[in-house]
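Heads up, the chain below is alone and in the form predicted on its own; it's given as structure tokens.
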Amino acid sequence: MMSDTEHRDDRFYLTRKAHALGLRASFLQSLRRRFAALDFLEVETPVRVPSPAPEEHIEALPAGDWFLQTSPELGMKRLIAAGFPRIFQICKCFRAGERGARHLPEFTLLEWYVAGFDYRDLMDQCEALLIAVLKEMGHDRHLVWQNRRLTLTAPWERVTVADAFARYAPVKLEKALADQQFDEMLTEHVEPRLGCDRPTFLYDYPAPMAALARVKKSDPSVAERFELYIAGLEIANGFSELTDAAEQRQRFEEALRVRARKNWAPYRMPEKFLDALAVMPDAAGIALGIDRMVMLLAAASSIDDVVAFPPETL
């Protein structure tokens, strides 16, 4: 039981977040209005799942014999395969080892999918959606965060991963990949330079860096994947969906082998998802971090400032 002093401190800690929590609520309400206007269906899929998608760099939190979802991706794609053409979801996701000024082990994700779209269509839609929502919230042309004045008007910048490495990294993309330094170079040299004047879509990722994305037909060395950056913050990750079940199974099997070498938890192969890929239409999907978007809206330097209860306060 909390003492009177602890209760007063807790109350002060929470009430000083009133502005950020109000912005969070307004942002979510505006998003839902925009999706309704675009004839999207809001869906819910289970948070506790038998197995997440096997990926090399993401570790799930166990929940009994199952796991807490790292993303609603597998369930939502099964809905697309079942004939739901435009769906979105706002939900809690969980990842082990995610903690810092920009990371939480439990975070809020907006995810949406559109049948018949590819990643370029989705970039266009993401840009238009966020411009409309930000305008409704009073940011018609500009947004200021950490003393940076960001231009929001279209068109937003688009740059390939190869071009971004050529501009900002000390080594070219090919050498970074060969030396297994891609993540290090991206994090230290490229990401801080993205979206500093206007939002930036970084696209055409190396094929090995896109576990569930479709490889580009005109250039098999890259996948049809993009990430959105605003003021150096990674905000969203989207791609054209891989719908080849055999290829997806091979990618999962390789990811499971890598996970085993790291002594990470073994996952079951998501057979029902792989079965659904056989009838899934061409589609594109995107995951957008709500907490980080609210950081921008609230001019907050830490993700802790835009959620009511960071884990250490529980």
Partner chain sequence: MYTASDLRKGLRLKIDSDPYVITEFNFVKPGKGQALYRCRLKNMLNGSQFERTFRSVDVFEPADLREKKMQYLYKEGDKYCFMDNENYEQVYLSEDQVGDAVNFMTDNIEVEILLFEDRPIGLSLPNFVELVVTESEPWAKGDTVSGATKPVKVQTGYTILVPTFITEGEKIRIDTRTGEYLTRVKG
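Because the structure is a prediction, the values reported are computed rather than measured. Positions refer to the first chain, counted from 1.
Just so it is clear, the following notes concern the form predicted together with its partner chain, a form of the same protein that is not shown.
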- Look at the candidate spot formed by 34, 108 and 200 and say whether its partner chain comes within 4.5 Å of a heavy atom in all three of them in the model of the complex. no
- Query: Counting only non-hydrogen atoms and a 4.5 angstroms cut-off, does residue 184 reach its partner chain in the model of the complex?
  - Reply: yes
- Query: Is residue 258 a contact residue for its partner chain in the model of the complex, using a 4.5 Å heavy atom cut-off?
  - Reply: no
- Message: When the contact criterion is heavy atoms within 4.5 Å, does residue 204 count as touching its partner chain in the model of the complex?
- Response: no
- Query: Is residue 41 a contact residue for its partner chain in the model of the complex, using a 4.5 Å heavy atom cut-off?
  - Reply: no
- Residue (of 244, 188, 163, 121) lying close to its partner chain in the model of the complex, criterion heavy atoms within 4.5 Å: 188
- Item | Heavy atom within 4.5 Å of its partner chain in the model of the complex - the one residue of 100, 83, 116, 138 that qualifies | 100
- Item | Which of 154-162, 139-147, 121-129, 229-237 lines the interface with its partner chain in the model of the complex (heavy atom within 4.5 Å) | 229-237
- Residues in 215-232 with any heavy atom within 4.5 Å of its partner chain in the model of the complex: 225
